[in-house]
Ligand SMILES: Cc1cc2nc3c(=O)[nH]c(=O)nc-3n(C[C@H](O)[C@H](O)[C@H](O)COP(=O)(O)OP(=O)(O)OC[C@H]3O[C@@H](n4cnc5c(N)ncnc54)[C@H](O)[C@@H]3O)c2cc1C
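A single chain comes next, written as structure tokens; it is the form predicted alone.
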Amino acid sequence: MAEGGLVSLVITEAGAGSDATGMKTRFEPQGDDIIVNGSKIFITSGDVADLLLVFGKWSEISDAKGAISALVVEKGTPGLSVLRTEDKLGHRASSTAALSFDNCRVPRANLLGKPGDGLAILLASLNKSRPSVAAHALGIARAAFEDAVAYINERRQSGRRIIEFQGIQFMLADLASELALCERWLWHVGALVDAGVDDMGVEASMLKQRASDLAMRISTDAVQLYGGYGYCKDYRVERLMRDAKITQIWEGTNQVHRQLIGRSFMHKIKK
């Protein structure tokens, strides 16, 4: 990978999105091998990745959560096939694929950790990947904000620059303030990651949902400030708005993140 290989994280299934414990992909041990059967959807770079980190359930463990395991599957493994690539609203330069595993035979040495370690591995990785989604969202937000400010400093209506209207100034004040606060929280959570803090799920969820909501709001407002031009592909705010939407969905929908944050304030009742 350090020499330029590509890895794909393979979790989501048709019936298991934000609730990864509902996955049906099955890992069955057979001697020195593991037989993989199942299907996955919405897999970033799944059609071109050199290695696939696949999450599925160990056939010999009955517990839904305890059975989740992680397995490295190499590109070109017999039985691995790409069903299709998606035609998406945004992020069109990044492929998203549906995959099928039909009696894929993988060496047992490719198992990450032990059978049943998958959920812990998954949750630990999400605590780090969710801040990266937030950084991505804030990059979109910052770009849309700066494009809009530059445009309305030049564009005139009724003999005045658009930025001279008080209502527009109030809008910019709110967006700039929220962007500054969210960017500061990103640095805080990034410091937690660098420090090796394990228990930071709530902070990561707060960051991801606020950053992605803000990206959608700022990019949408940027399109509005551009007027009709914002709806045309001549200016990148149109693309930024389309690209912002997925940040509210992947790595857990924002509705799920709000639930995770809210649950964290529940006190455990002693029996």
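Numbers for residues come from their place in the sequence shown, where the first is 1. Please read these numbers as outputs of a predicted model, since none were measured by experiment.
Below, we refer to the form predicted in complex with the named molecule, which is not included among the displayed structures.
- Heavy atoms within 4.5 Å of the named molecule in the predicted complex map, among the stretches 42 to 50, 27 to 35, 214 to 222, 60 to 68, onto 42 to 50 alone.
- In the predicted complex, the named molecule sits within 4.5 Å of a heavy atom belonging to T12.
- Using a 4.5 Å cutoff between non-hydrogen atoms, K75 does not count as a contact of the named molecule in the predicted complex.
- At least one heavy atom of K88 is located within 4.5 Å of the named molecule in the predicted complex.
- In the predicted complex, none of the heavy atoms of M206 sits within 4.5 Å of a heavy atom of the named molecule.
- Contacts between 15 to 33 and the named molecule, taken as any heavy atom within 4.5 Å in the predicted complex, involve G17, S18.
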